[in-house]
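The form predicted on its own is given below as one chain in structure tokens.
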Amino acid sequence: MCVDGARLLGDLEALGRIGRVPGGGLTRTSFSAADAEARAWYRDRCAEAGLSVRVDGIGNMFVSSPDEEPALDGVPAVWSGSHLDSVPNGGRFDGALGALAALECVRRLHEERVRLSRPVRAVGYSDEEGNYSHLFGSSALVRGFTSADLEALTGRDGDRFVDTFTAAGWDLDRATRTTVDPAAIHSTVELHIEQGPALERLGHQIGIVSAIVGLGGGTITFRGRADHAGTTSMAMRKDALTAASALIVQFPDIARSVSDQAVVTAGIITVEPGAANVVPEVARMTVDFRDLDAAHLAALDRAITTAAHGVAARRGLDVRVDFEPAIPPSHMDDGIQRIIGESAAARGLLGSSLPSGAGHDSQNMAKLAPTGMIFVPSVGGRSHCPDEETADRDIVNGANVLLDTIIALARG
């Protein structure tokens, strides 16, 4: 049994036109108009296939066949999926491949009326890219969010989550009731582009993900004093932006001091009052740090926080560090890794075991059920940019290995 490769590629092409921006990439920020259009398109594809769709309070989508055996009611399900949202000016494969491949697998099982021992669900996770919070949709399934949590969230553009969410027609009360009972899930598996160069360099078609990097971060805010840019000498200034810059240039050394796998990134900086002729009073930056070891992740948190306070003290500024609870590294299930490897080999594909340096909803789902991930090559290792590309044959190969893995898990 195989996926319909032409249909899957056509779906990727169609979804890749939603949210396209002049620079050639995609911008489908969660709960934006482009995100709403993508969700509507996805639900239409499900309806055309005769599939049922349920949406929870935070926007996670769950797709199933209405023809499942009544005997499977209440039986823990096999989940597979990814996300439809994108980073600003991102690529058309990150997330979309896994979400649409999972949909294609459920479609094929529905079309062929395949009898299984467990239900299968295609899942579209909400805001995986963390515009409002790291791995937002899957975090809502695992630990949930209170009203106060949601009230405190702001997006990368400075918008309040509650304002954007309600303006898009969503219900805040339902958004606080999203956790799922782990007993309802048998296992999960996600297909994703590698977002790195390892598979391409090896000449292998399938990556068997062994572990997923831990994620930490949040915001650091330096507060100094606004003054006239022409009349305030350099010695008298309390410049928040130069303080932020002094911290950022320490990031490479901080990462190296913790491990050779640690990374630290400042991806967004905002300045107040934001005038060319005013010394910046406030500099607020997002910080993202990652490592495959939980102890190293905690060490990064401490080192960055200590460095921020040191910069502020030396310059006579105030600083506030607001880091979210870290998402710990996750080991992928050994049994599912074995199934993925056997499925690849049965189709004559070369597979490699490798860790993921990117965060994925699968690391949250691994807290609820045995979880696995499948990678396919990224051309040039490029991702989170308009140049993101994966060959058609690799897309179809990955989707077929996903289908085989889902069937093996659902047959028990």
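C-alpha atoms forming the largest set that superposes within 1.5 Å between two forms make up the rigid core. Worth saying up front: this structure is predicted, and the values here are computed from it rather than measured. Note that residue numbering follows the sequence shown and begins at 1.
We do not show the form predicted together with another copy of the chain, though everything after this point is about it.
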Only one of these stretches, 275-283, 138-146, 338-346, 165-173, has heavy atoms within 4.5 Å of another copy of the chain in the predicted bound form; which one is it? 275-283
Whether Arg382 contacts another copy of the chain in the predicted bound form should be assessed with a 4.5 Å heavy atom distance threshold; does it? yes
Is there any non-hydrogen atom of Phe251 lying within 4.5 Å of another copy of the chain in the predicted bound form? yes
Using heavy atoms and a 4.5 Å limit, would one call Asp227 a contact residue for another copy of the chain in the predicted bound form? yes
Contact flag, Arg156 vs another copy of the chain in the predicted bound form, heavy atom cut 4.5 Å: yes
Quick one: Ala255, Ile268 and Gly357 and another copy of the chain in the predicted bound form, is every residue within 4.5 Å by at least one heavy atom? yes
Tell me, which of Val263, Val114, Val321, Ala298 has a heavy atom within 4.5 angstroms of another copy of the chain in the predicted bound form? Val263
The one residue among Leu199, Val87, Ile208, Ile185 placing a heavy atom within 4.5 Å of another copy of the chain in the predicted bound form is Val87
Take the rigid core as the frame of reference and indicate whether the C-alpha of Gly158 shifts by 2 Å or more between this form and the one not shown. yes
Does Ser133 show a Cα shift reaching 2 Å between this form and the one not shown after rigid-core superposition? yes
